[in-house]
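One chain comes next, on its own, written out as structure tokens in the form predicted alone.
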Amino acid sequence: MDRLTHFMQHHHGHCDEAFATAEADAHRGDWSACAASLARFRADLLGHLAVEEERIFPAFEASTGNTAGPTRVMRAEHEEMRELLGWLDEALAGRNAIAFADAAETLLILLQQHNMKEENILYPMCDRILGGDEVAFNQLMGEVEQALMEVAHG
């Protein structure tokens, strides 16, 4: 069973596409388009992080009794991502393509490393551990899917 892994991996791709659009808009100097695409990326990313922090991580921690392991690392990286979003906002406000590109590159590297850890380690662990209780896992997946659909249509 790799339902959570596949679903969240797909959403990572969705976030990556939104981020690439914002980067391309900034690179072209289309700051109006960049503002819109960055807002879309922000909503997608923050919604994704919220689903993990409010639903997936607590379920994993409750099931394993471990709050000092992989979820702690992921939460710390989420805070770094939020900080980098602020850097992107500052660059956008100043219409500074170089600062935007620098912040975007840093965020991209963090996202790639973070997503790899989630997709290859944490999500498969969640599928294996949480999937043992089919009713609870189906409820969790329903909540995760609904929350991310609301972000996508919000």
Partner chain sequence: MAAELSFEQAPPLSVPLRFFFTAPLFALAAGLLLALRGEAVFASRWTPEALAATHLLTAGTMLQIMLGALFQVLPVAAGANVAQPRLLAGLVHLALSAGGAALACAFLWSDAQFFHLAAGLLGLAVAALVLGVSVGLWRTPALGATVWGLRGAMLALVVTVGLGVALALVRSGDLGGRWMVLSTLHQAWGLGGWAGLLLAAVAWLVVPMFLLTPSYPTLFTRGLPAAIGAVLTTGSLVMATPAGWGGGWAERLLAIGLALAAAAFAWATLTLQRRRRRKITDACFRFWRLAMLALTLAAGLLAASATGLAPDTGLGLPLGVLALAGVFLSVMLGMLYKIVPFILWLHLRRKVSRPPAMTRLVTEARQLLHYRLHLANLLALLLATLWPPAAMAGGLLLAASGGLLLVNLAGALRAYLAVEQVPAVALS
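Residue numbers count along the first chain shown, from 1. Everything numeric in this text was worked out from a predicted model, so none of it was measured.
From this point on, the text means the form predicted together with the partner chain, which you will not see here.
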query: Site test, Gly13, Pro124 and Arg128 vs the partner chain in the predicted bound form, non-hydrogen atom cutoff 4.5 Å; finding: yes
query: Candidate from Ala33, Ala50, Ala39, Ile109 lying within 4.5 Å of the partner chain in the predicted bound form - any heavy atom; finding: Ile109
query: Non-hydrogen atom contact Glu134 with the partner chain in the predicted bound form at 4.5 angstroms; finding: no
query: Ala93, heavy atom within 4.5 angstroms of the partner chain in the predicted bound form; finding: no
query: In the predicted bound form, Glu145 touching the partner chain (heavy atom, 4.5 Å); finding: no
query: Contact flag, Gly69 vs the partner chain in the predicted bound form, heavy atom cut 4.5 Å; finding: yes
query: Heavy atom within 4.5 Å of the partner chain in the predicted bound form - qualifying residues of 76-102; finding: Glu80, Glu83, Leu84, Trp87, Glu90, Ile98, Asp102
